[in-house]
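First come two forms of one protein chain, each written alone as structure tokens, so that there is a structure 1 and a structure 2.
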Structure 1
Amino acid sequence: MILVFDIGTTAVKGAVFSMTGRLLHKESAPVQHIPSRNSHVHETDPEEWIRIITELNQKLFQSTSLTAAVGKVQAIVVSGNGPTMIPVDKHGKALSPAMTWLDRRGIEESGIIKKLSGISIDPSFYLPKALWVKRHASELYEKTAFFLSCSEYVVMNLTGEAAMVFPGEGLENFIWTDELLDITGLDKNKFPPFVEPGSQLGTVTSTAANSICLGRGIPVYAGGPDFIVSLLGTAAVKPGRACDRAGTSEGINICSRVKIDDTRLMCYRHVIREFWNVTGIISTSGKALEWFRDNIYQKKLDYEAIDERASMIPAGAGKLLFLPYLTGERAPLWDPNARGIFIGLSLHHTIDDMARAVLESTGFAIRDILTVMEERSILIDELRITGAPAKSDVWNQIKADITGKRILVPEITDSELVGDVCLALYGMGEYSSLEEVSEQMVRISQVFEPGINSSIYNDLFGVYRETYRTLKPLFAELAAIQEKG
């Protein structure tokens, strides 16, 4: 049996799988973040993850069929969100709260790094965070033995070993390089060595065995960042297959034979090392629907009810369009000043028309990214969807109709957990390649083919793109005024 955990932003999930990849039991529990008055600061208590994992572990094996099986766990893999960084001492004990991937306090440090190296590194990435600690919390910096990512923090607490999963060539600036450590004057010893996903990191120590109730000596294999493991968990491991990580935001990851250089998208080595992963992230997808549900439906409907109503509305919502830039937009626009828009409103539009337009906006935002990919001659056959929105048939069909690509829904939509299982089986030597194990583990339960609504959406997509491009000059001015209040 294989035991896997995924540290999400709002929940930790744990599951037990059979060696053949069958999900035996799954549990999850919410994670709180630590409230802060500073909008750039976003923290979580890392010890809470360990507490939750202990709890989940107990629940997983409480279920009758598994009680006797505690001793049969043959591998553990942990994945997690990132760039989330935790300074730890030499025993792996957290010395401060985790600075999550939403934490942007390293803005100044990002500027310093840019000045020193000429390289732009987002304030949320590891280096600006570590440099922030050095500049603003020197005592903490001195005490820090290692700066760890969230999954590796958990791993160190299981095995006593510090490591950093290397996500892939092209993502060096996302983590760190020797050169950048030199330039910024950070102590290289505080940054653990790189390991490949699936490599064995150690075994469960007796201390961990006692505190977390795990069998001592179980091998722990390297997982990695959630956006990497979910490529395996959806079997987006062949050129033409894209993984659509749907959630509050939405990441489109296409497996590509060719490397591209386009500032609108990111491109780095795929976890299947012979390929490249070309990716673009939509800032607000599920979050837009949540906003609409909370503020416009006033929380009176749940998502199933909204789906049901939206399914009664014809495609195009009576020529009503929504641009989902409620937090600006990342790929492909990279415009922090972009704002949400309803356009095409008339007196006969209903609240449900507007909800449908919000669902459709995600489809248009995906197509905006796919269009860039196709401009770069990348083959796109299909989208393999994961995350909570994957449960919405209406939304899946809308995405298929708008993008013109079939949408595949895996049997298990917690693709991080499935990806972790792939890494465990590969690490154990059960399979000779990650591609093979991923193809074996991922089973597709539903396929949504592009349908008759595609032509309506073709026209609307043109308007969708033009609307943003036309209003772009207004956004910056408006943002300045909004800032002023």
Structure 2
Amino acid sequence: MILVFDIGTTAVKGAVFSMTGRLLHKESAPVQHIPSRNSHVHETDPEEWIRIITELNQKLFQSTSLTAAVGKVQAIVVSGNGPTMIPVDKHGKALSPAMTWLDRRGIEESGIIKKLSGISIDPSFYLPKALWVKRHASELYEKTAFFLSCSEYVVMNLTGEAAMVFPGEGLENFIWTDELLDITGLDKNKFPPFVEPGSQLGTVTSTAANSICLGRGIPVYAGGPDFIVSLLGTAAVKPGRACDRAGTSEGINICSRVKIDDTRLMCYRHVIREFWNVTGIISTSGKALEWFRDNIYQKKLDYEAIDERASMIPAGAGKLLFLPYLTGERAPLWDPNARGIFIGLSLHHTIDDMARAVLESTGFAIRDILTVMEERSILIDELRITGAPAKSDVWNQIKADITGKRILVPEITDSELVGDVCLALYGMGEYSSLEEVSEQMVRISQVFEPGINSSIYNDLFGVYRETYRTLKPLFAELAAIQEKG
């Protein structure tokens, strides 16, 4: 049996799989975030992840069929959202709240890194955050033994070993390099060694076995960032296949034969090393819908009800557009100052029109990324969608209509968990390659084809792009005013 956990932005998921890759049982629990009135600060308590994993582990094995199997776990893999960062002591104890991937307080530090090195690194990534800690929380910086991501934090608590999963060539600057650490004056000893996905990191210690209710000595294999394991969990392992990792944010990852150099996108070695992963990340997709539900619908409806009401609104939402840049935007804009806005709002629009516009905004944001990819001659045949939004037929069809691409939905939409299993089976030597195990584990259950609404969306897409370009200087001016207090 294989035990896997994925630390999401809003929930932690855990599952037990058989050695043949069959899902035996799954559990999840929400993650609470620390409230802040500073729009750049997004934190959560790392100890909550450990508490939730302990609870999930107990629930997973309370099932009658699995109670006797708790001692038969042969491997553990943990993946997580990135780039969330936690300063820890030498024992792996968190010294402060985790700075989640949404945290952008390192905007100034990002500018410093670019000035010193000529390399642009978004404030959401690790180095700007670590440099922020050094510059603004010097006592915390001195106490820090390691800066870890969320999955590696959990792994250190399981095994006592500090490591950082390195997804592949091309991501060095977005994680860290010795050169960048030297340039910024950051202590290299505080940054753990890199390991490959699927490599064994250690075994569960006696302390962890007692506190998290696991068996001592179980091998723990490297999982890594969610956007990497999702490639395996959707079988986006052949050129032309893209993984649309939908959730709080949205990551579009296309398996490509060719490497590209374009600052609007990220490009690095695919987990299948002969290929490249060309990727663009949308900062707030599911999070935008959550914001809309909580603040406009005021939590009166669940997501299924919102889907149903939005499905009754014609495509284009009455020529209403929404920019989903609620925490700035990453690809292809890389603008931390960008903000959300409704365009075209009039007296005839309803709250349901607005909900439809929010759903459609994700499709436009995806198309914005795909357009840049195709400008660089990247082949894109299909989007394999994963995450909670994959359960929304309305949203899936909107994405197909706006992007003009087929949307494929796997049987198990928790692709991080499936990808974790792939890494475990590969690490244990059960398969000769990651491509082989991924193709074996993933089965497609639904396909959404582009429909008759494509022409409407073609017209609106140009307005969507031009709206940001027009408002960009105003977003910058507003950010400057906010900085003044």
Partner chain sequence: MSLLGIDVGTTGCKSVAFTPDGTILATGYREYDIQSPLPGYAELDSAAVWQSIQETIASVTALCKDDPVQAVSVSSLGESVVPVSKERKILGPSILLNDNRGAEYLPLLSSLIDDEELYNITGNTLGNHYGITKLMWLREHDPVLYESTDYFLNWAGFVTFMLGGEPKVDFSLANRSLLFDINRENWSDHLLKISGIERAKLPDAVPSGTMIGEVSQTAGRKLGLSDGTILVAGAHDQCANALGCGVTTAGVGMYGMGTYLCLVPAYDFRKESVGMRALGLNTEHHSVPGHYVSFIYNQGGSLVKWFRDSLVLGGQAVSPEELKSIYRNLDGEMPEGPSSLLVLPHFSVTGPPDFLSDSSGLIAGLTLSTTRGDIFKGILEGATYYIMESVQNLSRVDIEINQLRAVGGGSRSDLWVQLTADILNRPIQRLEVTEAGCMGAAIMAGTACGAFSSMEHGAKAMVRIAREFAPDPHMHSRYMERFEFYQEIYPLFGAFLKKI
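Here the rigid core means the biggest group of C-alpha atoms that line up within 1.5 Å when the two forms are laid on top of each other. Keep in mind the model is a prediction, meaning the values are calculated, not measured. The first residue in the sequence of structure 1 is number 1, and each one after it adds one.
The form predicted alone appears here as structure 2; structure 1 is the other form of the chain.
Once the rigid core is used as the reference frame, the Cα position of residue 356 differs between structures 1 and 2 by 2 Å or more.
After superposition on the rigid core, the Cα of residue 467 moves by 2 Å or more between structures 1 and 2. After superposition on the rigid core, displacement of the C-alpha of residue 336 between structures 1 and 2 amounts to 2 Å or more. Relative to the superposed rigid core, residue 478 shifts its CA by 9.6 Å between structures 1 and 2. The shift recorded for the CA atom of residue 455 between structures 1 and 2 is 6.5 Å, with superposition on the rigid core.
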